[in-house]
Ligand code: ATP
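Only one chain is given next, in structure tokens, and it is the form predicted alone.
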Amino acid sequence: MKIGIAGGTFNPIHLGHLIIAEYMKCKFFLDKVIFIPSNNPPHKDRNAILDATHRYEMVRLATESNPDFEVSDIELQREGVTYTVDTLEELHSIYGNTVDFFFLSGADVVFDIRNWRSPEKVLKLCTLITTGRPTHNIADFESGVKELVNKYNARVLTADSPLIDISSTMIRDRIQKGLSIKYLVPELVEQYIINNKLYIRE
């Protein structure tokens, strides 16, 4: 079985996340994609992140119509700072040796992953799929992939994906300015944000 892992703060989840996950699921013949909202990621300002309960519920609403998408609270159940290596180890203990995991990430992760906790373990526990077009020089990107393969014996798949120019930051900014977010997030997510008055500055 081939399972994709889509992790992130999802603050909030938007159509770009969903489009790319579906694209990569089809392209690499993944059986399903598990969305894993993070709890306390080490690289984010905790004060700028919405409560995990809201973020989880928005991901659940966004993915419920796709039978090949799931949402997991595995990181929300863990106290303290959450690390990808811990999540992957836990997933392996849950699913056993009959599953191959594919970590969906942006192209910049090719350069950033060296600074993660235990990058050698992360790259042993999953195949890295880099999505989107690299913002770095293409030669630097290819060199970065080659270094991961040589240094960590990593399995790295790369592919151009649809260029969806939507970000969670942009959505939060539009809400704070009183602008529409229709067609940027799923309708159920938009309604959830409105009903709960999320991202509105006091």
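Each residue number is its position in the shown sequence, starting from 1. Each form is matched to the other, and the largest set of C-alpha atoms that superpose within 1.5 Å is called the rigid core. Quick caveat: nothing in here was measured; it's all calculated off a predicted structure.
There is also a form predicted in complex with adenosine-5'-triphosphate (ATP); it is not shown, and the following applies to it.
T131 is the sole member of T82, T127, T131, S72 with a non-hydrogen atom within 4.5 Å of adenosine-5'-triphosphate (ATP) in the predicted complex. Proximity to adenosine-5'-triphosphate (ATP) in the predicted complex, taken as a non-hydrogen atom within 4.5 angstroms, holds for one residue of V156, L50, I34, I166, which is I166.
Only one of 169-177, 142-150, 63-71, 25-33 places residue heavy atoms within 4.5 angstroms of adenosine-5'-triphosphate (ATP) in the predicted complex, namely 169-177.
A residue is said to contact a partner when one of its heavy atoms sits within 4.5 Å of a partner heavy atom; I20 meets this definition for adenosine-5'-triphosphate (ATP) in the predicted complex.
Interface residue remark: L104 is counted as part of the site for adenosine-5'-triphosphate (ATP) in the predicted complex, having a heavy atom within 4.5 Å. L91 falls outside the set of residues with a heavy atom inside 4.5 Å of adenosine-5'-triphosphate (ATP) in the predicted complex. By the criterion of a heavy atom within 4.5 Å, G16 is counted among the residues contacting adenosine-5'-triphosphate (ATP) in the predicted complex. F141 shows a C-alpha shift of 2 Å or greater between this form and the one not shown [criterion: core-superposed Cα displacement of 2 Å].
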